[in-house]
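A single chain, nothing else alongside it, follows as structure tokens in the form predicted on its own.
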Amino acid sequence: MRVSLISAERSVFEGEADSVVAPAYDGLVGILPRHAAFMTLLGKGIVRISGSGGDKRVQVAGGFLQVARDVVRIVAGSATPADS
């Protein structure tokens, strides 16, 4: 599935992934390929994007996540690299 993670300052990640785990406002949400259409507000926490190239971890606060047609769009109020 295609994943796009952007913040107000810049594009943080753009590419293919096997799974995404993100902090929704009311708990963690996991997204796999062919997920049903979905939209949620983001809370504060770490987004983990997993793919063949390894995991990318990004600390986010606020924003939203949308899944539509095997594309995950994450628009974060703030996004910074998370310590591994």
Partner chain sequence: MAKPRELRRRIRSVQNTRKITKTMELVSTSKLKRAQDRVVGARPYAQALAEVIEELYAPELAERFPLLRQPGKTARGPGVRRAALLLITSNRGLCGAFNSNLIREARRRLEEMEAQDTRTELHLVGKKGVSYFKFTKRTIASQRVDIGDKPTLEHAVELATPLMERFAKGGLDAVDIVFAKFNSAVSTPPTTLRVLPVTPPAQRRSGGRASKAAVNYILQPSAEEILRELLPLSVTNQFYRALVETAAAEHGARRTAMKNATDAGSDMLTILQRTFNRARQAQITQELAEIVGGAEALKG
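Quick caveat: nothing in here was measured; it's all calculated off a predicted structure. Positions refer to the first chain, counted from 1.
Omitted from view is the form predicted together with its partner chain, to which the following refers.
Please run the contact check for Q59 against its partner chain in the predicted complex: heavy atoms, 4.5 angstroms, yes or no? Answer no; every heavy atom of Q59 is more than 4.5 Å from its partner chain in the predicted complex.
With the partner left out here, check for me: in the predicted complex, does some heavy atom of S50 sit within 4.5 Å of its partner chain? Close contact is absent here: in the predicted complex, S50 is far from its partner chain, nothing within 4.5 Å, heavy atoms only.
Check whether V21 has any heavy atom within 4.5 Å of a heavy atom of its partner chain in the predicted complex, and answer yes or no. Close contact is absent here: in the predicted complex, V21 is far from its partner chain, nothing within 4.5 Å, heavy atoms only.
4.5 Å heavy atom contact, L41 and its partner chain in the predicted complex: Because a heavy atom of L41 falls inside 4.5 Å of its partner chain in the predicted complex, the answer is yes.
Within 4.5 Å of its partner chain in the predicted complex, which residues of 65-80 have a heavy atom? Give them in sequence order, or say none. If the 4.5 Å heavy-atom criterion is applied to its partner chain in the predicted complex, 65-80 yields Q66, V67, A68, R69, R73, V75, A76, G77.
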